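In the block that follows, a single chain appears as structure tokens, in the form predicted on its own.
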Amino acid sequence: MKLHEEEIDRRLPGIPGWRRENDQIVRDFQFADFKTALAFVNRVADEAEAMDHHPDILLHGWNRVRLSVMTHSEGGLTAKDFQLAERINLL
């Protein structure tokens, strides 16, 4: 179920590094090199598969990754988006 604005505003501070961009939450990461960035992407993929909830992933430059999370079927943010972001933060 799509979250109300008040619930999004309450949850977002609880996941450090993430910010809201329109109907999604986004976080940028920077790594020492391309190989480390790619390894991180693969770890994110494992978490996403385990949850059956998949972020948009952009690997750019030679060491940067941007993750964007939303529930496309709901047209916005749900509790599952915040759960995935929390799991990613533990990586």
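Worth saying up front: this structure is predicted, and the values here are computed from it rather than measured. When you see a residue number, it is the position in the sequence shown, counting from 1.
There is another form of this protein, the form predicted in complex with a further copy of the same chain, and it is not shown here; the text below is about that form.
a further copy of the same chain in the model of the complex is not approached by D28, whose heavy atoms all lie more than 4.5 angstroms from it.
Contact between L38 and a further copy of the same chain in the model of the complex is found at the 4.5 Å heavy atom cutoff. When contacts are judged by a 4.5 Å heavy atom cut-off, A45 counts as touching a further copy of the same chain in the model of the complex. Contact annotation for L58: at least one heavy atom lies within 4.5 Å of a further copy of the same chain in the model of the complex.
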